[in-house]
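This document starts with one chain, in the form predicted alone, laid out as structure tokens.
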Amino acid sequence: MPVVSAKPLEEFAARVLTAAGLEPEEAAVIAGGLVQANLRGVDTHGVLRLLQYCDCLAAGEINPRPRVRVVSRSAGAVLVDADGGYGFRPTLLAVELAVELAREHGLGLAGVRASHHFGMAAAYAERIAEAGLIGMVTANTGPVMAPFGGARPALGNNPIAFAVPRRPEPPLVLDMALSQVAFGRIRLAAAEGRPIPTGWAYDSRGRPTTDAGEALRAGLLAPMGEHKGSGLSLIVDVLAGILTGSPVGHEADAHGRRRGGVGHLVLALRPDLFLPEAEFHAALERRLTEVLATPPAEGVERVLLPGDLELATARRREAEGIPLSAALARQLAALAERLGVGPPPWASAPDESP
């Protein structure tokens, strides 16, 4: 199992994406987003995605030269057009504009239309929190999840992320998709030849399956919390899809619609919107202290806050490097050879696994 430092892995990813047809600036932004996900342990949204992204670019399903632009702006809201490219750069622009609006008006709303996959939603919400504001980010996706009681995909596994600034601690971050697990975890299991737990997904007849490959072929995830996950997914379709003028339902596609197949929604709120900022932060820390003081259940070491595990993983991987499975390393090396970008960084790195 190769272990690779973040910087050389990011540079490798950028070279791969450039060779696949993206402008160097676009490739660098996407590569940075993928490796940020790997650092946080969200490997389903990390460099694994290079395989999928390069296939989509080769098939002509993604606009490799998007003209990202602001198409409308009002006192509290702005709409960004991604022009059929990936969602990383346009969503970063949406974050920048939402923060600008929030600082002026107390809150700022930014939509992104005609977009594709934008990586890890937490990356954008956390950027808002780093600017001292409360952030919420969501996106719609194509149908991969059964509605409660259904046997065919009709809902997207739509992500929702929140980030709340703290003083002086890192932000409180919640990032989740609305299925029992993100589809990327099943994709990763399939790439590594592993079974998946019962309850993650269904086969083509709507039956629970442990076969990751069968789950991918059926494209049928189980909703989180049954009817609750179904309902939240539909609401995100409204907010990130319909509201932004993006495709929804079976017209939505985060990876294969040349003119753009999904939308994103970004919200930034000033902590002093209703009370002095110092009071907000004092109340927040009191509440979090109460939660952390909860006695742990039997077999649990301690109570954690949302994002604690990811933060700990990021600190460890920044110091020790990012582990890649042997199967993924082979696939990425083959991709690099096919695109002629030179050997990956782990080709000459020592094996640091135990």
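None of the values given here were measured: they were computed from a predicted structure. Start at 1 and count along the sequence shown; that's the residue number.
We do not show the form predicted in complex with a further copy of the same chain, though everything after this point is about it.
The stretch in contact with a further copy of the same chain in the model of the complex, judged by heavy atoms within 4.5 Å, is 104-112, chosen from 209-217, 89-97, 120-128, 104-112. In the model of the complex, no heavy atom of I186 sits within 4.5 Å of a further copy of the same chain. Contact check for T138: every heavy atom lies farther than 4.5 Å from a further copy of the same chain in the model of the complex. When contacts are judged by a 4.5 Å heavy atom cut-off, V248 counts as touching a further copy of the same chain in the model of the complex. When a further copy of the same chain is considered in the model of the complex, G149 lines it closely, a heavy atom lying within 4.5 Å. In sequence order, L284, R286, R287, L288, E290, V291, T294, P295, P296, A297, E298, V300, V303, L305, P306 are the residues of 284-317 having a heavy atom within 4.5 Å of a further copy of the same chain in the model of the complex; the partner itself is omitted from this view.
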